[in-house]
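As structure tokens, one chain now follows by itself in the form predicted on its own.
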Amino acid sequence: MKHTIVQTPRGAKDILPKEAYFKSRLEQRAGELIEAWGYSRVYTPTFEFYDALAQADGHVLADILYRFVDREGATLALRPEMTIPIARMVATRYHRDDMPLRLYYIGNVFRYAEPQAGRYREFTQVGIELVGAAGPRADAEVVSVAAAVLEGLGLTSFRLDLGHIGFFRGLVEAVSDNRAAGALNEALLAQDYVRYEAVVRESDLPEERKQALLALPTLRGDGSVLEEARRLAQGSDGALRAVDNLAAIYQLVKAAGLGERVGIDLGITKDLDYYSGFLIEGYTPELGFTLASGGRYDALIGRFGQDFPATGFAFSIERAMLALDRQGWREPPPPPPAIFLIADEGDQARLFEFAAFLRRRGLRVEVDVSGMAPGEALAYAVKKQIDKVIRVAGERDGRPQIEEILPDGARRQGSIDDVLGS
């Protein structure tokens, strides 16, 4: 038998009931936490026209897209993230008087990337988009929602780092070779600081700007880092504006009581070029990679026809599950049925009728579909941790006659309330 028949594709996985229950509970909890902030859930198609994704950030996404051609000859692609489809949706379905929009999503995304721990080619992304609001207050809300959701899911030791893409861009604006600026960004993304330093020293930037760039990876910590960043940004209006903006966001976040959760990291950068301002990344000691990510993207929606400022964040449910597992979190298993119903061959109609009656009373009921004998039913109930085995045994005066099969095999007859209440 070919392995393609019995195995999942690389980077994909089956999710069995226990893990699926844990995952669905986290998704439900995340949705409830986000909705408490006034956000409404939206859905977008699993696939988009390739041109729509390329319009947003084609040169970065080209290598990770799952592309295909439909029967009408259109080139389509599975969505690699959720912000771009929502940007398209907002630009084509909403108007200025609808702003601000608070939207959230829970959906699968697809990336042709090298699989590793915590990274699949198909995974579930949860996130928010706050559209139509510019300025520090909107960005501070995004940080606050991120903290509330991650904490509400049970993550105890996460940290949110705040940066600003304008700081890095302001420092490199004077470089004459665009390839050098791109190489610096790639080195920062890869945390390859040896290469980063080499590119800085080889650039044609003024010496004071080189020194600022060399210090960039060290600008991490609490709010005091911003003073050093402001000193290094002298001579770059763009970098100074970025520091001032980030300082305003940080002040609001601290006022929200998140000072212990939030830090500054001006070395944060992104591989997607639609980011235009504040950046956020979430980390937890249980993972060696980011848990959450996002930021401001004021120009993205305009690429689809209408200009709206926007900001948001997203995280992977699978990474949250992995972090919680390594943290020692144990989600209770799904509750078993309360009752296992059996009946003789001639009482099958009454069996299904009685099962429906019990479910209307709010009970969890599983019906025997295999024709088990009472002893087999008892063994099955023990294995499945089902509370009671009840046999439907005919009818009297228009009411089903029932008996409970006790653990020792004895049978106890009685009224419905007697049997169910025992």
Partner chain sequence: MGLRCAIPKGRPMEDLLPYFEALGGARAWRDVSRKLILVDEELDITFFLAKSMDVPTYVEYGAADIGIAGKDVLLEHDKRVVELLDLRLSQCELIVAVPDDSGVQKVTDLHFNSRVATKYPRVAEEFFNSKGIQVEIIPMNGSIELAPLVGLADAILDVTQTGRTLRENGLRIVGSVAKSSLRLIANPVSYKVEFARIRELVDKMRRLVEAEVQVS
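Residue numbers count along the first chain shown, from 1. Since the structure is predicted, the reported quantities are computational estimates derived from the model, not experimental observations.
Not on display, but discussed next: the form predicted together with the partner chain.
Contact check for 116, 217 and 290 against the partner chain in the predicted bound form, heavy atom at 4.5 Å: Verified in the predicted bound form; spot residues all in contact, yes.
Sole residue of 284, 185, 316, 245 within 4.5 Å of the partner chain in the predicted bound form, by heavy atom: Partner contact (heavy atom, 4.5 Å) among the options: 284.
Selected contact from 197, 151, 228, 98, since only one has a non-hydrogen atom within 4.5 angstroms of the partner chain in the predicted bound form: Here the answer is residue option 197.
Answer range among 302 to 310, 143 to 151, 99 to 107, 260 to 268 for contact with the partner chain, defined in the predicted bound form as heavy atoms within 4.5 Å: Single hit among the candidates: 260 to 268.
Proximity of residue 352 to the partner chain in the predicted bound form, heavy atoms at 4.5 Å: No, residue 352 stays farther than 4.5 Å from the partner chain in the predicted bound form.
Non-hydrogen atom contact residue 191 with the partner chain in the predicted bound form at 4.5 angstroms: Looking in the predicted bound form, residue contacts with the partner chain include residue 191, since a heavy atom lies within 4.5 Å.
Contact flag, residue 347 vs the partner chain in the predicted bound form, heavy atom cut 4.5 Å: Contact check for residue 347: no, nothing within 4.5 Å of the partner chain in the predicted bound form.
In the predicted bound form, residue 81 touching the partner chain (heavy atom, 4.5 Å): Residue 81 lies outside the contact set for the partner chain.
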